[in-house]
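One chain comes next, on its own, written as structure tokens: the form predicted alone.
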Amino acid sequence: MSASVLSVLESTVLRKSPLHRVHLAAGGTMIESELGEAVGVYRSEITDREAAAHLGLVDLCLQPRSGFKGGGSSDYLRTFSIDLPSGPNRARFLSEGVLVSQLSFDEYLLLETTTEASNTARAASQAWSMEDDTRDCYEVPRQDSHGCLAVVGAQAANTLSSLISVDLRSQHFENLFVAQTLLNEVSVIVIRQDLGFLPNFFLLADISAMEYLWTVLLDAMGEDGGAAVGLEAFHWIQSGSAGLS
């Protein structure tokens, strides 16, 4: 298949989350955006917003993300004026909406968290090349290897803490802390990035495990009055419209 044909396909075929069929089966209303086709609302805007404020599960698998690993990763990212975290298992939130997490001394994860594209994060991704042997680092294809979910709401820390071996309450796990742990035997990266006064946790795991994790999380959240919510409610909270920031 020629490059021109691939280009046409990429411009006409909307990307879909690995949870797309799950959302349709649950009655989610899909919306189209620059990132692809995603669930916008699950029940109604008001019901979704109420659930998100209390305990909501959000599919963010379409959010752009990338990673870099190797001894030269820090220097490489700094060339793009990316402000790095203070050390391993810490994160830093940039003004462009990019969450930069340091997973080890030489590995970083970049996650775009808003609807606005980050030119800085994408420039770092596009500039890296296997042919450039002056960079002592390599790109980790997080967009292809990992899916991303968010657990948000007043009860988020309590519910998640019951599923993993880390106490995620604020007195033990502060904002912009990172944990690499297991959730029902699945390796997950947990990143805390609160939205105003509301706890919010990004969960990244192998993309093949997304449907399983979605089911496990929904089951656990149901006991605490939680529910799946669409992107509209999540972005509403992000914007501060919930009166929580």
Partner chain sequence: MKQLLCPLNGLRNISEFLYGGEVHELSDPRDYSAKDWAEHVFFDENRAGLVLEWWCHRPTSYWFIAERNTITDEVVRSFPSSEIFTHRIDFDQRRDRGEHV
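Remember, it's a predicted structure, so these values are computed and weren't measured experimentally. Numbering follows the first chain given and starts at 1.
The form predicted in complex with its partner chain exists for this protein as well; it is not shown, and the discussion that follows is about that form.
> Can you pick the one in 120, 89, 114, 74 that has a heavy atom within 4.5 Å of its partner chain in the predicted complex?
Flagged contact: 89.
> Could you work out which of 81, 175, 165, 95 is the residue within 4.5 angstroms of its partner chain in the predicted complex, going by heavy atoms?
Checking each option against its partner chain in the predicted complex, the one that comes within 4.5 Å is 165.
> If contact means any heavy atom within 4.5 Å, which of 47-55, 177-185, 191-199, 26-34 contacts its partner chain in the predicted complex?
One stretch meets the cut-off, namely 177-185.
> Would residue 126 sit within 4.5 Å of its partner chain in the predicted complex, counting heavy atoms only?
Although its partner chain is absent here, residue 126 would stay clear of it in the predicted complex, with no heavy atoms inside 4.5 Å.
> Is there a heavy atom of residue 99 no more than 4.5 Å from a heavy atom of its partner chain in the predicted complex?
Contact with its partner chain, no.
> Might residue 103 be said to contact its partner chain in the predicted complex, defining contact as any heavy atom within 4.5 Å?
Yes, residue 103 sits close enough to its partner chain in the predicted complex that at least one of its heavy atoms falls within 4.5 Å.
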